[in-house]
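A single chain comes next, written as structure tokens; it is the form predicted on its own.
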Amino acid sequence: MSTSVIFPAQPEQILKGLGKLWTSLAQEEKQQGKPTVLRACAMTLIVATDDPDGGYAASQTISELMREHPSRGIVIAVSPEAEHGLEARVLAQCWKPFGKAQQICCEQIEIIARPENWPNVGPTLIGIVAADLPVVFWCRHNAALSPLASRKQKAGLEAVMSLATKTIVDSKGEDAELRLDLLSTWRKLGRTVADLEWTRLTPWREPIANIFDNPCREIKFSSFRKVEIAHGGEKPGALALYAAGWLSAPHQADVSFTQAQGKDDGLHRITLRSDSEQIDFERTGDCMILRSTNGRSRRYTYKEASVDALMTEELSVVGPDAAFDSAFARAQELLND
């Protein structure tokens, strides 16, 4: 349900629009004679995007995420095709859980901004984030993340980040060195940051961690002092670097990278070596095969996770992620080496 009315993106106007929205929903309840709507909000989720679809994909993703992570969703669509400098509309995202009579509803605010008005978005957000709740900022504004971003674009980005408990980016397809440098700069400023390329590592991390979680295992993880990472592309991407960082950080193991010829960009094989055992974990198509020189072998189904699934997982950790922090620091060391 939406107001279907576009108005100037001013905090008082947006809050007034939200008030009218809930009043309308309450009137529907009154007509039906029983409570039919449950209002839910556990955080503010801000998404900034300059995708050519005008924020449509971001809005669809937020509507899916709200089922697992109810929030006040704010989509900021930056587009040169916007008719006015800064305008907004409000709507309710509602769904009915299976077997329940009540709908669960969350607020969504859509802000449309011309690129030159992007720096003005930050002050608008100050008045509309949900009070006393975490604020997560998912940045899909590629122009603002670019090394060639203008001073105004960077200022606009900083204004939104200053409100956030956590900032999420996606380094897939980006130059890993430039992107990790950017994240490192934010971390030095005390920002809590996350990268969906780290989240994509979960199907690799879980099986490897399960191997060494067995207390009866004779050869412990600390014995594997050599790590080999096979990746697509000419140089390691963020996914390969995070894998290397995660595996080598605890004991400062030696790391080497090899290019998997004829393969798509991404992570293709992880090899762990000790003096008495070698473990290979390789992705081939939709299958992942784990082999050990001790004779053990296991197969896993591999499917590229959707952005919705990645964000659902990442939103479950609103604060710092110690595993990511350790892997990130080590990945930077490997880049500097």
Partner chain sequence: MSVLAQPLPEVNPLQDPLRFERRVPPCTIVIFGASGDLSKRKLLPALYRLFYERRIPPNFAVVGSSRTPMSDDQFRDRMKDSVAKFLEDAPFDEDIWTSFAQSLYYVPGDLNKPSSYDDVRNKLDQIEKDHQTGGNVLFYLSTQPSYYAEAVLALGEHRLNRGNGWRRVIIEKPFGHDLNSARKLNDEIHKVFDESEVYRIDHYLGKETVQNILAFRFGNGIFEPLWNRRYIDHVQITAAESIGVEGRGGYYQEAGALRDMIQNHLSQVMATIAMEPPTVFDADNVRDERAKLLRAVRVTKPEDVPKYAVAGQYGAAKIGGQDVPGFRQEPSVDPKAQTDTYAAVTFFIDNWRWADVPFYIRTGKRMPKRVTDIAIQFQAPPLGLFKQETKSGLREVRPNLLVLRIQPEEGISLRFLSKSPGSGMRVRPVSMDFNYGSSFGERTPTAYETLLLDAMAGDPTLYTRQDMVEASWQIVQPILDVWAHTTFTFPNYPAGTWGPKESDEMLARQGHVWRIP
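Predicted, not measured: the structure shown is a model, and the values here were computed from it. Residue numbers count along the first chain shown, from 1.
The discussion below concerns the form predicted together with the partner chain, not included here.
Engineer: Please state whether every one of the three residues L18, A26 and I109 places a non-hydrogen atom within 4.5 angstroms of the partner chain in the predicted bound form.
Structural biologist: The answer is no; none of L18, A26 and I109 reaches the partner chain.
Engineer: Give a yes or no for T301: in the predicted bound form, does one of its heavy atoms lie within 4.5 Å of a heavy atom belonging to the partner chain?
Structural biologist: Output for T301 is yes: heavy atoms within 4.5 Å of the partner chain.
Engineer: Can you tell me whether T199 touches the partner chain? I mean in the predicted bound form, with a 4.5 angstroms heavy atom cut-off.
Structural biologist: T199: contacts the partner chain in the predicted bound form.
Engineer: Wondering, does E68 line up within 4.5 Å of the partner chain in the predicted bound form on heavy atoms?
Structural biologist: Residue-level check for E68: yes, a contact with the partner chain.
Engineer: Look up in the predicted bound form whether W95 has a non-hydrogen atom within 4.5 angstroms of the partner chain, and give yes or no.
Structural biologist: Output for W95 is yes: heavy atoms within 4.5 Å of the partner chain.
Engineer: Could you tell me which of 134 to 142, 78 to 86, 202 to 210, 262 to 270 sits within 4.5 Å of the partner chain in the predicted bound form, going by non-hydrogen atoms?
Structural biologist: Result for this chain: 202 to 210.
Engineer: Looking at L247, L91, L180, A159, which is the one with a non-hydrogen atom within 4.5 Å of the partner chain in the predicted bound form?
Structural biologist: The residue from L247, L91, L180, A159 that makes the contact is L247.
Engineer: What is the one choice in Q252, T185, S222, S256 with a heavy atom within 4.5 Å of the partner chain in the predicted bound form?
Structural biologist: Result of the distance check: S222.
Engineer: Could you pull out the residues of 38 to 54 that have any heavy atom within 4.5 Å of the partner chain in the predicted bound form?
Structural biologist: In sequence order, L38, R39, A40, C41, A42 come within 4.5 Å of the partner.
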